[in-house]
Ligand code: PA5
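Presented below, as structure tokens, is a lone chain in the form predicted on its own.
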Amino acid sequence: MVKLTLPDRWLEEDLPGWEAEKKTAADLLERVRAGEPKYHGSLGWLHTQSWAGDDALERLSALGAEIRSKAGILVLIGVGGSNNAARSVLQALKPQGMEVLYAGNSLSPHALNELLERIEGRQVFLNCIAKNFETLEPGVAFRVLRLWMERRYGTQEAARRILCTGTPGSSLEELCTRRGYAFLPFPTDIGGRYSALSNVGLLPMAAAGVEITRLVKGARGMEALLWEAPPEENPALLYAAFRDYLSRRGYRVELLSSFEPRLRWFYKWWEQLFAESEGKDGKGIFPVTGEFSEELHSLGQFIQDGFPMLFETFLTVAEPGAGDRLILPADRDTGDGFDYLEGMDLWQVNRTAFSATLQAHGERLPCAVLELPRLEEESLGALFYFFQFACYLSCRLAGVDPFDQPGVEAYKQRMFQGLGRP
């Protein structure tokens, strides 16, 4: 389960303020648990059983196995919430199922041409994910790739290798009906950035060989904890209260940092979740990420000595998994100056770098720690649910709608006008 540690020294500087913040958050938690009718149409993710029940997991696991039997490559077409969750899990766990490539998240012709070169001569399956099939990036990529599939396989066989996930009744479903593509529903009561534990995120994970039952087990465990734990022991409530408390004191940037490169794509999922949910009405905490230890040699300078506008949340892993051990060998003849590390496990060296950074940064800015027991399916499932629930609470504490994204549409309107869309 996810363990949260808050920096008591920073909170005790205004202990009455922190106690008042926790009380406000606890009152909000009770309203959330009771149900908020205003947001009813956006809370399908709140109970994992709704879209990730046992029957659904069995169907998605079987469908994932069928996809693996047809192809060695799955091209996942989608942007933002349609692919970030799956990509973050696949990059973290690197399952040995099938290779997954990504399209529809860019309008770069070079990127799409490069993908076409990579799939040439390979057995391919497409999964196009689009809640709103008016979005340009996945729409363009899907047209290019499905026509490539028809030239490669013929119309009938291509149809057996194309699956779409979209809103029932949408133009995407109509296209699937006309062309004979399989179709899965994109939950109408879940926005894209909250869709990790639904058909949207779980099918690509299953196709790639992730044990989605274990992932959802972790999410269910976190769900039970957050719904049952008292406020003073509820990690999502405390994290949301911590963020709001600091925001009201001028800390307007949150840096999510980790010393584990496999979490790089999880950063992208986290950034979208909080930026798109919280950044509106002139409010919100700007989410940024630090890939350590590499960026300690660049961002680290600003963190340590720059303008004090940010706080930091470290995401760390307590125990090593397979492939996480490496003993530094002896090399007495070269005089490279690193003999003092001889025989040490690089896992521990990396942990020491984390501990030193936490101490150094914590002397200058508020630093919280979120610790996973291991980097595996259950932990990632728990982390998805933890952040989704905490983001909901954070937005409500800030006084913004957690589920709309009006600012995203501004560039689209100008782009469609420039492209001559009717």
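All values reported here derive from a predicted model rather than from experimental measurement. Just count from 1 along the sequence shown to find any residue number.
Heads up, the form predicted together with the named molecule isn't pictured, but that's what we're talking about next.
> Pick from Q272, N350, S106, T213: which has a non-hydrogen atom within 4.5 Å of the named molecule in the predicted bound form?
Of Q272, N350, S106, T213, the residue with a heavy atom within 4.5 Å of the named molecule in the predicted bound form is Q272.
> Considering C176, V79, L246, A240, which brings a non-hydrogen atom within 4.5 Å of the named molecule in the predicted bound form?
By the 4.5 Å criterion, the partner-contacting residue is V79.
> Pick from 190 to 198, 231 to 239, 145 to 153, 250 to 258: which stretch has non-hydrogen atoms within 4.5 Å of the named molecule in the predicted bound form?
Heavy-atom contact with the partner occurs in 190 to 198.
> Would you say all of N132, P138 and E276 touch the named molecule in the predicted bound form, counting a heavy atom within 4.5 Å as a touch?
Contact check passed for all of N132, P138 and E276.
> Hey, in the predicted bound form, does T24 get a heavy atom within 4.5 angstroms of the named molecule?
No, T24 stays farther than 4.5 Å from the named molecule in the predicted bound form.
> Using a 4.5 Å cut-off on any heavy atom, which residues of 403 to 418 would contact the named molecule in the predicted bound form?
Contacting residue: only Q405.
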